[in-house]
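Before any questions on binding or motion, here is one chain by itself as structure tokens, the form predicted on its own.
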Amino acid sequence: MAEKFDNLEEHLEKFVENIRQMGIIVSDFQPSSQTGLNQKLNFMITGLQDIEKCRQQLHEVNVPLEAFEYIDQGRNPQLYTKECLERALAKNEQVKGKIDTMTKFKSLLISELGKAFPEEMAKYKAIHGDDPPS
């Protein structure tokens, strides 16, 4: 998969360089530079065709719209990935805390129910096992 991205990156770099060179030719256009401009235009067309071929190879790649919003705001799209990971870690800690709390509650509930209803809890423990979850 990485070679597909490397291939696209290479074609994009060539395309950008060709556009830069074409801009130089156009900014100081002389009738004698028409041949060079035509050649750069043909390279631009070829470059767009190469990029299109790369696009077809990467059709399965999905980019979240939020990443494009980061780019539009002039922010580094890698910050999007970093912030997503930070949010996932925070949510993971939250869920882990809830699971720990519920596990402790279940253990305490079984203990207290065992004191209040010893016969019923003996049946419960026979069905579900003697050791309450820790």
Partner chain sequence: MTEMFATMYGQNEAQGPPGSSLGFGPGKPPLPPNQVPMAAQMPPQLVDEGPALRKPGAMNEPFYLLRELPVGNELTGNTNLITHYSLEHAYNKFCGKKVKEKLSNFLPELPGMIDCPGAQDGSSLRSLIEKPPVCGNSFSPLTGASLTGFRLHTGPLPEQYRLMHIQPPKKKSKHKHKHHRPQDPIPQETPSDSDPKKKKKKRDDDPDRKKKKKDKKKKKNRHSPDHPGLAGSQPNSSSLR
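This is a predicted model, so every value here is computed, not measured. Numbering follows the first chain given and starts at 1.
Missing here is the form predicted in complex with the partner chain; even so, the following discussion is about that form.
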With the partner chain left out of view, choose which of 102, 58, 48, 108 has a non-hydrogen atom within 4.5 angstroms of it in the predicted bound form.
48
Classify residue 20 as contacting or not contacting the partner chain in the predicted bound form by the rule of any non-hydrogen atom within 4.5 angstroms, answering yes or no.
yes
Quick one: does residue 54 come within 4.5 Å of the partner chain in the predicted bound form, counting heavy atoms only?
no
Close approach of residue 115 to the partner chain in the predicted bound form, 4.5 Å, heavy atom
no
Using heavy atoms and a 4.5 Å limit, would one call residue 120 a contact residue for the partner chain in the predicted bound form?
yes
Verify the flagged residues 3, 8 and 36 against the partner chain in the predicted bound form: is each one within 4.5 Å by a non-hydrogen atom?
no
Does any residue in 4-35 get within 4.5 Å of the partner chain in the predicted bound form, counting heavy atoms only, and if so which ones?
16, 19, 20, 23, 24, 26, 27, 28, 29, 30, 31, 34
